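A lone chain, given as structure tokens: the form predicted on its own.
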């Protein structure tokens, strides 16, 4: 990996230059919560001034630019003599600026399923391969536990990754595309002072993680405590609304629907993101539901995050961003559930 620096003025010039011919997506504040704090989302930028590089945490993750809430898989023209199918994978190049390390690591986990499995997802692949990612370091929020999940730093999955060292950004370069973009806008070689500032900033970031989650024995506990009262206790609180999955950067459960025009000459097959916490997720033909109770659905969501994915890919699916904990109307968070399962939760 190569390293360079770029002044903040030249970084502005870089983003403005990219915007001339490309779609640029970045964090913007769209509203405020009940306490007056800004609510951020990753949205298309019309000018550099809309880019808020000091954002805290986006409400939903940038995952939805790779796995949209809804996407058409195929369209059909139906005729008396037959039918024609049309499938489109074309995605125009775009740049996402300001992704946190945990969100980049979330994409790497999705890559395991969507790109490296036996049946790769061509729609996800087209978006992934045509998106330039510029990451950004940040100081953790009080409830972030990405350091516990080893996702507080990113070594792969991006083109450029920046750390604010004052008047400059310290930039890690991880692709030819990133290297060419940076060189167009007067980047500089890393000096000794730059290195010292970078170490200082990284040390400060690491020291500010307050929330810790011990997942060392969680995969084994999932089997040992499969019938534990912990699941009933938290499941009784769960509203089965699916908010956790909608903001999660790694959830990828989906449903399929087919829409046929009333005149029967056109049809569309569509995929939409779903949640294993929703009541009808495990309902099959005939109306039988294999997971009719909220605590069972909650258990299997955690089982996939901290047990099933570990078995398949030797890593947890959760990245520790705690978006699900913030979005949950019932106040359920991964730390609280895991601490309760281990036996350290205070009740």
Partner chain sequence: MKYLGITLERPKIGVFGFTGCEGCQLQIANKEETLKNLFNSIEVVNFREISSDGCDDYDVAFVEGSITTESEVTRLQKIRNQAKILVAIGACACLGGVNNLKSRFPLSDVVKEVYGMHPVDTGPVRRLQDVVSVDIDLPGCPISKSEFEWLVRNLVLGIKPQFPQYPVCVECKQQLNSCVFDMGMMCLGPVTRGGCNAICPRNRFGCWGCRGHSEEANFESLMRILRERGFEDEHISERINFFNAFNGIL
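Small disclaimer: the values here were computed from a predicted structure and weren't measured. Numbering follows the first chain given and starts at 1.
Beyond the structure shown, there is the form predicted in complex with the partner chain, which is absent from this document and is the topic of what follows.
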Residue (of 188, 217, 196, 239) lying close to the partner chain in the model of the complex, criterion heavy atoms within 4.5 Å: 239
Non-hydrogen atom within 4.5 Å of the partner chain in the model of the complex for each of 208, 232 and 343: no
Stretch in contact, per heavy atom within 4.5 angstroms of the partner chain in the model of the complex, of 138-146, 160-168, 188-196, 245-253: 245-253
Non-hydrogen atom contact residue 274 with the partner chain in the model of the complex at 4.5 angstroms: yes
In the model of the complex, residue 83 touching the partner chain (heavy atom, 4.5 Å): yes
Residue 200 within 4.5 Å of the partner chain in the model of the complex, heavy atoms: no
Partner proximity in the model of the complex: residue 51 to the partner chain, non-hydrogen atom cutoff 4.5 Å: no
Neighbours of the partner chain in the model of the complex among 23-46 [non-hydrogen atom within 4.5 angstroms]: 30, 31, 32, 33, 34, 39, 41, 42, 43
